[in-house]
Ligand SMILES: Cc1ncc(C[n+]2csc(CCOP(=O)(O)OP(=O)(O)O)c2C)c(N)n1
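Just one chain is shown here, as structure tokens, and it is the form predicted alone.
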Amino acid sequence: MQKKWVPTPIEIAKKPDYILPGHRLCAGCAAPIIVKLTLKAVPNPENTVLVNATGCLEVATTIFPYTAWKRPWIHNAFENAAATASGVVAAFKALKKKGVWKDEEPTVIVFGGDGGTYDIGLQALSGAIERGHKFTYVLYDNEAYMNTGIQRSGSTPFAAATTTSPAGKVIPGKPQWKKPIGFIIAAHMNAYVATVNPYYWQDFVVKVRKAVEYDGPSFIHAISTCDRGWRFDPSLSMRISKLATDTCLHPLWEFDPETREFKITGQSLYLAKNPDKIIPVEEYLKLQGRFRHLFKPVRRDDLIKTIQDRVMKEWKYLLKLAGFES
């Protein structure tokens, strides 16, 4: 892997933005923060091509005839953003071979939500990674199909209420657990994979820089808070983002395909060394209306405990993968 880049806040703040004001994303949405941080981490953002799967980000930034994007940008269907990126990568290779494109091949970055990544676009993503196309796929994970009415997806957490997994007396929200997308992509064994959190911005940009500089496919999994679908006040967006990692629900780690090693990073490394600092998952759940039924009208300690036990089980599994004592 490349030598680690450790940016300062001033360095990041001085870099230009490539998604501009005037988009229609909701107040409190983490997606534009994820985009800004991603493009600030790219060594040469002026030489980038952006691909966007259907979703909140695509719809809210390109309402015809306007666009909030300051870079070449292409949208295709829900299911084939990774296939489109593969075509872009292959096209520039062919143009350079023919002498038509004389500059360095551009950095190709895909932005996709959980619906277009966990579910509808997984086949195209897996195929593109298996073929080894050099692009970076950034998943902004808001844990449901927010753009079309807050339906459950493969990313929606256990017990979360959505319009297609409503919380009732018999079934308290979604009955399935969230799909481990990062491990699924890492299992291809040829892609750099990392989880990130926009609250922990330095860990975020360092990993994106590694991703775009890796000579092969790379995958960034960003937790993306959604006040509309998660049902919280927009002012709580970054507080809830922070809690996602501090409770170990969304731990920070990376997978190096060259060494086949998992590494725990940033705040999660601190928690691995100081387990008494891990915050109970209840503190994360109680701030969100999608989990309100776990607390009112009757508190469901059994389900809260089930979620807490699952979180710690997965955390211990990650610790084992990263070489920590069980």
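Just so it is clear, the structure is predicted and the values come from calculations on it, not from any experiment. Start at 1 with the first residue shown and count on from there.
Absent from the display: the form predicted together with the named molecule. The rest refers to it.
Looking at the named molecule in the model of the complex, do all three of 56, 140 and 147 come within 4.5 Å of it through at least one heavy atom? Yes, because 56, 140 and 147 each have a heavy atom that approaches the named molecule to within 4.5 Å in the model of the complex.
Thinking of the named molecule in the model of the complex, which stretch from 242-250, 159-167, 74-82, 181-189 has heavy atoms inside 4.5 Å of it? Only one stretch qualifies here: 74-82.
Would residue 115 count as a contact of the named molecule in the model of the complex, using a 4.5 angstroms cut-off between non-hydrogen atoms? Because a heavy atom of residue 115 falls inside 4.5 Å of the named molecule in the model of the complex, the answer is yes.
With the cut-off set at 4.5 Å between non-hydrogen atoms, does residue 89 touch the named molecule in the model of the complex? No - in the model of the complex, heavy atoms of residue 89 and the named molecule never come within 4.5 Å of each other.
Proximity of residue 206 to the named molecule in the model of the complex, heavy atoms at 4.5 Å: It does not: once the named molecule is placed as it appears in the model of the complex, residue 206 has no heavy atom within 4.5 Å of it.
Please tell me whether any heavy atom belonging to residue 223 falls inside 4.5 Å of a heavy atom of the named molecule, as the geometry stands in the model of the complex. Result no; residue 223 lies far from the named molecule in the model of the complex.
Can you work out which of 194, 212, 129, 120 has a heavy atom no more than 4.5 Å from the named molecule in the model of the complex? Contact with the named molecule in the model of the complex is made by 120 alone.
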